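Quick setup: one chain, the form predicted alone, written in structure tokens, and binding and motion questions come after.
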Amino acid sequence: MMVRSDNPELLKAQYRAFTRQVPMMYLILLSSTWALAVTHMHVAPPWLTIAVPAVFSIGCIFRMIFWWRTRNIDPPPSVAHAALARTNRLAACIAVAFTLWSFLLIPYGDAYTQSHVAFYMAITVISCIFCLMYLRSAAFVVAAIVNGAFIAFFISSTQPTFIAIAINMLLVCVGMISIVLTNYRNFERMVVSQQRTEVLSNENFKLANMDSLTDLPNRRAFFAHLETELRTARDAGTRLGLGVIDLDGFKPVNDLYGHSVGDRLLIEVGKRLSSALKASAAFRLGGDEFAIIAPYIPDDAQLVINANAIVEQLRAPYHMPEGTVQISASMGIAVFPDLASTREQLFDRADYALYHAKRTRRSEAILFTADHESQINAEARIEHMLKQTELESELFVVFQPIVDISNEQTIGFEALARWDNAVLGRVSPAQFIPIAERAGIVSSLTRPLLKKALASASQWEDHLRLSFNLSAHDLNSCEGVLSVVGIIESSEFDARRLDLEITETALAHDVEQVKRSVEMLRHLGCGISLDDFGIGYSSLTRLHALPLTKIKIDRSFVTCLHDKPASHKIVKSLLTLSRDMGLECVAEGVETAEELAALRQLGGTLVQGYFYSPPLSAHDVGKFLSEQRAKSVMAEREYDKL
């Protein structure tokens, strides 16, 4: 029956309930005591009717004020336990004191005043017990002391009325104790149930706001926290930094080692982020994308330095049981209120800076600047015009020769997209194609461009091939690839002379769907080229699974090939790989004689670039071929003369 300390929440609930009822107990005790004292003033001495009640009143008022002042306080469990334990001791003292005072009054007066004493003890103890029901130990102490003494005293009085009252009081006391026990058990169950509900609520909150894999706050918590920090920064007039991180090279880890290793890698990334941050908070937005919210940031230059330091930590090798894994990370940073005033703007700016980092400075941190904002506005205009313009009348194709350097003969042309807009003028494909891909409307460009390319190529000689680029969107759905198949079949160009180029980024989507699409195009007779080979992250296992016929070495490896040992080794390896896989290999971006000579030395045969010709209009293709034939004839004549 002592005060329990094993359940802190129950202890605090007892305390809160007790503070609301104990002042009423003292008020009842005081009013009943003075009522009894008044009825005995004419028969009992003043020290019993005035002095003792006055002392009782001082003590009761003091305790009543104490509990009234603490009624809205939520104390620690240790303080609540100490206060309730102290109340237990005081309850025993008060019960003994008031009981002795009541018995001292019995000898005075007649039967009526004696009956008042009995009534006082019976009724007052009942009210006190009910007021103490949330502190069972105190209620039982009071009941035992007061009722025990009351029943023993009046049964021994030999007065039939007092004996009857004592027996009746005993029965009432048993009933009250039973009620107190029942109510307290219900109270305890209610508190425990609330505890369980709070635990479940906390668990649900954690499930809703925490990433179960990394134990970092998730995307939902990120946006909520960002809104809170923005409000704080706005009120305080301070700056707020947001960094959005995307891992570079994470997908090949999943492909090579499996998702379990990929998951453990994400856990390690989360740990490194958490350990690298002090006042900032890290979040996992999903997949291999993370975010950092920094409420206290330095100047822009130092901010980028700090961000690159975090990127550098993420680049350090990860030692797994399956092997050492090396990845990197790119980060986009935006700052409030610089160029971003709302939560949505801040996130979009950081995301754009990340996109820019992955395109131009992979594995680095880039801060969103005014130049990026101008670029966003320009790209928004381009996207608007792409959606509003009648593209078929404005899009056209040009053709760049693909030359076999073993005999200096053109074996085909690659069709390249061009766009002349009535409002924007000539728009570079390096601008409008990525914008169309991000906007999900690139397929509306593919269809008219493919029709025009096939129409022009149908006028060529039968030995010439046509290369045409398809986007990931064209391959990631049955509808997209069926549209491409329909255009090819309805054209007058032989599908067996068509090479459809795909990039490694297409393999980052639905691989099985891409594989089905490629197989459908191969069944049609088309060749399949892998464009920009060497700069993506696809594993060789995936590449081998596709029915490829050709690979194209990205121009970044060909530029100054003769002066870059690293590029020389890469190109040599790619040429060897293509031969081992039985694939043709085209080197893109050949612009100088030195680059051509280096490729020739490495065993390259097919090249494409400005060294031979810039992209040609459909009308100039015939002229280029005629000039090439003329050069070839002249070269043969010169050779014959020798």
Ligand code: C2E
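Numbers for residues come from their place in the sequence shown, where the first is 1. All of these numbers come straight from a predicted model, not from anything done at the bench.
The same protein also has a form predicted together with the named molecule, omitted here; what follows describes it.
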Should Ile488 be counted as a contact of the named molecule in the predicted complex, where contact means heavy atoms within 4.5 Å? no
Flag Asn469 as yes or no: does it have a non-hydrogen atom within 4.5 angstroms of any non-hydrogen atom of the named molecule in the predicted complex? yes
Answer yes if any heavy atom of Phe62 is within 4.5 Å of a heavy atom of the named molecule in the predicted complex; otherwise answer no. no
Closest heavy atom of Ile433 to the named molecule in the predicted complex, within 4.5 Å or not? yes
Judged by heavy atoms and a 4.5 Å cut-off, are Ala417, Pro429 and Gly589 together in contact with the named molecule in the predicted complex? yes
Within 4.5 Å of the named molecule in the predicted complex, counting heavy atoms only, one of 515-523, 176-184, 408-416, 249-257 shows up; tell me which. 408-416
Of the residues Lys572, Lys271, His384, Arg555, which one places a heavy atom within 4.5 Å of the named molecule in the predicted complex? Arg555
Residue within 4.5 Å of the named molecule in the predicted complex by heavy atom, from Ser280, Thr87, Thr124, Gln400, is Gln400
Taking the named molecule in the predicted complex, which residues along 611-627 bring a heavy atom to within 4.5 Å of it? Pro615
